[in-house]
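Next up is one chain by itself, shown in structure tokens, the form predicted on its own.
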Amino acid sequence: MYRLFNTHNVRKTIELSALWDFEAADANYKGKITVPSCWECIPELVRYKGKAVYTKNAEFGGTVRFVFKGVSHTADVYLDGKHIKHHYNAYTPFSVDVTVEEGVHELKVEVDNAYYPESTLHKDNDYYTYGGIIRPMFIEKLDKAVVDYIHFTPYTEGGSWKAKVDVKIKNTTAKEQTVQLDLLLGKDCFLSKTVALPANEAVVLSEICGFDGVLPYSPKSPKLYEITAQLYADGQLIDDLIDRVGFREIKCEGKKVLLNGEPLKLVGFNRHEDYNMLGSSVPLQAIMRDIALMKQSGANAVRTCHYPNDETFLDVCDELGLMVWEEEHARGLKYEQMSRPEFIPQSLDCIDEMITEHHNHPSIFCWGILNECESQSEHGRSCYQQLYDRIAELDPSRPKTSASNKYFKDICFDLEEIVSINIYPGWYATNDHFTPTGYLEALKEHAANNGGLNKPMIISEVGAGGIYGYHTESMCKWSEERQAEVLDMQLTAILNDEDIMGVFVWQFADCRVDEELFASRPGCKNNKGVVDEYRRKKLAFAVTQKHFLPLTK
């Protein structure tokens, strides 16, 4: 089960979450592995970066769709020895349609998590790129036409709820055909349309619809509705697609972020998909544990640093009302990476796949790009502009932002609706200039003078390091006491500033990093979590409760 609800009642699915044959020849390892999982869960492969091959036989036939929710970080898919798909990027879904005879077929997936020059998004980083088929994989049996997606964009007009509804329908045959599309909210059909489909092509149908009597979505009242697309041919129901939506509208007005017309104060965490030895393949039980802890702290928001997250995580956020800043995959890219010819195509692919797949999640309040990248240069600015333009094309209903650490050099604030800054006063720098209050005043002035005037500002990262269980009377750095003291000082200043609309603590849980960062990351972990990799609470957890709970009760 990769979602919290049935996405199809008509379309048949063959589940391939099981044991697969597995070989990592460069590591001299051959055996079985679970899908989904990270191969670092196998003791012999705990440090392995390189190539591996997954193989499984399955019985199917006709027109089918192979769906991969995440392969880290490149995948080459073969069916009966024939190459049918290449995909780059660990954190976005992809699929491929084929037509084959009924019978037993061999599916082979070659996976690589090593770094190489042509890979601009995956590199040595302050988080770890695990290897494997890390998210669910399955086969869908397709009829002669299928619904590829429903995109539901709610808004208010004249005090009533409306929505722009876009539906993509694909003809899987070589003949023109006519189908009937019915759209239902819950059990009520609100649109019925006859659609002409050209041979082997897809059609996107766009409609504006009104809805009476629906309840708005908010963190304190996360009301969800099922939307269903049903496809009929010759009077027969041949396909369906079910998703969940919420009626909510996000806007930026002056220095405020508004949810359904009311100011939204965002307090929460940055969170990596990394759960001790499970790596980035996190099951539902562990996802629920993370969100329950964040809710216990008083958080009402989470940032999916620095890549799109598993859709199961977003489903739980939808149900529990945790607002989400979802982010295109990038962290700390320099001029050298952003100048490679692969950078823009790989980034645009990531944005396309992220928004196409996750558009309907009502918990997502903004789209983010390019964390701590080249926002101080003209070349970097041109890259930011291209990526922001693609987001605006795909989903103009949500604001855009980028977490910056260029402080007094950033030249991209005018391109975004929300100004977001990463700061670590009291941790990386301790002189008077770097007190939280001094930082905030200087940053607000710089942002106002460089395109960020009268825009909402979020402190997208703030925090300090602390090793779980390390206590000292001297409160030296890396002790839990020092981490709690610094975080308390930071949050006091930030949350007392009326110009700041949100803060995301770095970070929720400790995570593994690449060994190249060992000198500044004890144990090859980023230890700034308020809980450790096993979700044991540090003293800093109580600090977040002290500051967050009064704002979100």
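This is a predicted model, so every value here is computed, not measured. Note that residue numbering begins at 1 and tracks the sequence as displayed.
In what follows, reference is made to the form predicted together with a small molecule, a form of this protein that is not presented.
Spell out, yes or no, whether the shortest heavy atom distance between Ser37 and the small molecule in the predicted bound form is within 4.5 Å. Ser37: no, not in contact with the small molecule in the predicted bound form.
4.5 Å heavy atom contact, Glu461 to the small molecule in the predicted bound form: Answer yes; at least one heavy atom of Glu461 falls within 4.5 Å of the small molecule in the predicted bound form.
Residue-level question: is Phe508 within 4.5 Å of the small molecule in the predicted bound form, judged on heavy atoms? Flag for Phe508 set to no.
How about Glu357: is it within 4.5 Å of the small molecule in the predicted bound form, going by heavy atoms? No, no contact at 4.5 Å.
For the small molecule, considered in the predicted bound form: do all three of Thr7, Asp243 and Asp318 come within 4.5 Å of it, counting heavy atoms only? Negative, none of the three is within 4.5 Å.
Have a look at Tyr155, Tyr424, Phe138, Tyr468 for me and say which one sits with a heavy atom within 4.5 Å of the small molecule in the predicted bound form. Selected residue: Tyr424.
Since exactly one of Asp126, Glu311, Asp274, Asp112 fits, which has a heavy atom within 4.5 Å of the small molecule in the predicted bound form? Of the listed residues, the single hit is Asp126.
Any idea which of 65-73, 487-495, 44-52, 520-528 reaches within 4.5 Å of the small molecule in the predicted bound form, heavy atoms considered? Going through the listed ranges, the match is 520-528.
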